[in-house]
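A single chain, nothing else alongside it, follows as structure tokens in the form predicted alone.
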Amino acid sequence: MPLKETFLSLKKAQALLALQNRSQKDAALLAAAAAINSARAAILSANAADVERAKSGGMKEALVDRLFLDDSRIDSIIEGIKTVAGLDDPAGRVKAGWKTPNGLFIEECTVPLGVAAIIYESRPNVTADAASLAYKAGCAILLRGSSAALESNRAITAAFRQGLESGGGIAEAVELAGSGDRGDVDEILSARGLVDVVLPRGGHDLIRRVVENARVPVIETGEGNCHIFADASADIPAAVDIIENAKVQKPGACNAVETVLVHRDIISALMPALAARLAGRVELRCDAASKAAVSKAGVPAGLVLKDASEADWAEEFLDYILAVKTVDSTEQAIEHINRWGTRNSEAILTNDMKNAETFTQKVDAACVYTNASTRFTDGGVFGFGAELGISTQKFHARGPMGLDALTTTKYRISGQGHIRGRE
């Protein structure tokens, strides 16, 4: 189906979906979860083809991991859909109501945004996450994943739509731009009047392309140049555990740490322990002081230790690479983060609660952690069931985006023959 026809079909489907009540939407979503479970073998087969093609094309390991599906990850997809089905309906809520002096009664209510389009890279789980959140919010959605995950996305979308139909839902509210044609993106970005909002989810180049070329409203998600600052009071063993988790647990995620800032007072204690923990797995790109601390203690076998360049402070590696910089104060760490960060997720490791308060107040980011890994920035972890992405902008939605990000406001005004005179 040409995209123009797809947009028109989605608008028609969304008008019908907006009339469904919570029980109808939930039944359809639970049927979609069951359909994905039934199609497990087909989805895994399609994903295996995508993964093999990605490896043959030289995709780096951390990005292949983002693409890869197994039974455990499909279980997580299914559980996410079920969780979304169990959440309160975000549409139709009365947020506030009041009476004006002239007797008008005004209610502020939530309504679906309308037709959404999400443009994302090689994460096939996003296909089900975005579809389930949009459906529950009463929005129709066009899914445009990357060509790297094309077969996986086709299989997941087909199962999801089949489940919606069998559950009495509106399958036409979920569509996949499945041609793999790069021109699809330009057509989506120009669909003013047909698409109500576009959500880009991916790396710097994708997000910039969408933001700079869109003629329709955009909720901007951000890349993840995330930092962890270990201040002078940080507990060394706990700091090593947290930094390791934030870097190694899923390095291709946008909430993985890319730069560690270490207070000069603990550089000689933290760096040898961190180097020993990461040796053979993570390449360290260090400034002079942190590199000297590792070298003085003895470079562990298997550790790749390099000099950091200024370009490294701006880099979202999405790989087993970690930049390290020495700082002299909390203020200096904050200054570095606010200059180089992407306003996604930042953390301080400290036993000084005054430093923690200063850090959380002054760091400009959607999510700011004290003594915890940045890897927790996730809609599922936050209780949203799934997420559309992590918004780093400062209006409408910020941080992990769940159901509320797909609603807007309508005012309902009731009168008794009220007319307005000249003033």
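Numbering starts at 1 and runs along the sequence shown. Just so it is clear, the model here is predicted, and its values are computed rather than measured.
Just so you know, the form predicted in complex with another copy of the chain exists too; it's not on screen, but the next bit is about it.
- Residue A214 is the only one of I267, A214, L143, L278 with a heavy atom lying within 4.5 Å of another copy of the chain in the predicted bound form.
- Comment: another copy of the chain is not present in this chain, but in the predicted bound form one of V327, L284, I242, V294 has a heavy atom within 4.5 Å of it, namely I242.
- Proximity of A365 to another copy of the chain in the predicted bound form falls within the 4.5 Å heavy atom cutoff.
- Proximity of Q361 to another copy of the chain in the predicted bound form falls within the 4.5 Å heavy atom cutoff.
- For F376, a non-hydrogen atom is located within 4.5 Å of another copy of the chain in the predicted bound form, even though that partner is not displayed.
- Taking the partner from elsewhere, E52 is found to have every heavy atom lying beyond 4.5 Å of another copy of the chain in the predicted bound form.
- Listed stretches are 92-100, 74-82, 284-292, 166-174; the contact stretch with another copy of the chain in the predicted bound form is 92-100, by a heavy atom cutoff of 4.5 Å.
- Residues R192, D196, V197 are the members of 184-198 with a non-hydrogen atom no more than 4.5 angstroms from another copy of the chain in the predicted bound form.
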